[in-house]
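Only one chain is included here, represented as structure tokens and corresponding to the form predicted alone.
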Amino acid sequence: MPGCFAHLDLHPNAIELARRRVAAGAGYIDLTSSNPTWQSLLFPPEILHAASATYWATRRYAPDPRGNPAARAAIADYYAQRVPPLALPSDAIFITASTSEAYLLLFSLLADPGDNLLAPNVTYPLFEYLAELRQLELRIYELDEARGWQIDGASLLAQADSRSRAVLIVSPHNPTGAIIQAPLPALSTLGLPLICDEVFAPFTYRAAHTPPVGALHPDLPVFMLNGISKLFALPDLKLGWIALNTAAEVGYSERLELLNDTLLGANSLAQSLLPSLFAQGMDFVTAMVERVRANIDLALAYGTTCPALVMQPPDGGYYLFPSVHGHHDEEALVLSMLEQGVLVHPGYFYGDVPGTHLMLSALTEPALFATGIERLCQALGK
């Protein structure tokens, strides 16, 4: 059968079949959810109502290939307040419908079919599908678990070849939480453009801040991706952006403008809301970050009483990715956890991960998270 994804087996896997069965019976606590709207994290509606009322009263369709100027100015101000600050002109911002759309735009901008992108061996399962849409190869570099899942520079250099066009980076990383906190010599040696996903930037734990990678590597073209889905818990409003450091803006902004103009995916209402989100929504962001930190504190405390579960404090993000001792079949382990009334994800959902790992979302509503962690530890032989 021709067409994209025709080679994939899209039938439900054993974990999904078991999840449906348990959900129809005794039920389970979901420790995997990254959807804030299902975890009692709803952005203050009064801010949205007031901002949208202004939009409806003055609505005009005036598309801009880089995005609403006021929204781009608010995003540029956000980068100026990051640590370290990154000064960006508003014309270095391109607004998209999502970070997924932003990835696809950049894959089209930087690579031709048959080229390759360098991607981490552990990551959220998205890159492979987007790469296939553009007929690109992913060449996998290693993250070093012993060093807090930081990029293995030797592996990165070894994977590059004459058709490598960009390096894909997630900081804070999903699901390990690793944050790039200093320039990486291997990246400078390669000299390739960097596509850096920073959607979890406010969510820090062990690290004090999430530095913008564009500030760490002014020597390279850096495209920084973010959006309101994670930052403001508004995945339903569909708004993301690409921020270009100076090297990226000089080399690529004109062609990226044409690409974004071809799709014009971001809706006008969401763009019009953005200045109000930044101006009035940061207290809500702080509350989300505090919830995640408290849940991670609790999980790490439980981990000290559960020898089979080895949890390391993450730099940031809102996931935990502990290793599990004494178990070698991740699927069997996850199925067993379901029978105990708790849903977790196996490490292999996130790539070719050595050893046995589980993914837990610290975004979960706190009372459910505590009960779920307790069940998990009991099932592992606390």
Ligand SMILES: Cc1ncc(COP(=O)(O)O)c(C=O)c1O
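In this text, residue numbers run from 1 along the sequence as written. Here the structure is a predicted model, which means the values were calculated and not measured.
Note that the form predicted together with the named molecule isn't included here; everything after this is about it.
Colleague: Of N121, N116, T99, Q150, which one comes within 4.5 Å of the named molecule in the predicted bound form, counting heavy atoms only?
Modeller: The residue from N121, N116, T99, Q150 that makes the contact is T99.
Colleague: Of the options F107, F94, F200, Y141, which one has a non-hydrogen atom that comes within 4.5 Å of the named molecule in the predicted bound form?
Modeller: The residue in contact is F200.
Colleague: Specify the contacting stretch among 154-162, 283-291, 305-313, 225-233, defined as having any heavy atom within 4.5 Å of the named molecule in the predicted bound form.
Modeller: One stretch meets the cut-off, namely 225-233.
Colleague: Quick one: does A243 come within 4.5 Å of the named molecule in the predicted bound form, counting heavy atoms only?
Modeller: It does not: once the named molecule is placed as it appears in the predicted bound form, A243 has no heavy atom within 4.5 Å of it.
Colleague: Though only this chain appears here, would N174 touch the named molecule in the predicted bound form if you measure heavy atom gaps against 4.5 Å?
Modeller: It does: once the named molecule is placed as it appears in the predicted bound form, N174 has a heavy atom within 4.5 Å of it.
Colleague: So, in the predicted bound form, is V170 in contact with the named molecule at a 4.5 angstroms heavy atom limit?
Modeller: Answer yes; at least one heavy atom of V170 falls within 4.5 Å of the named molecule in the predicted bound form.
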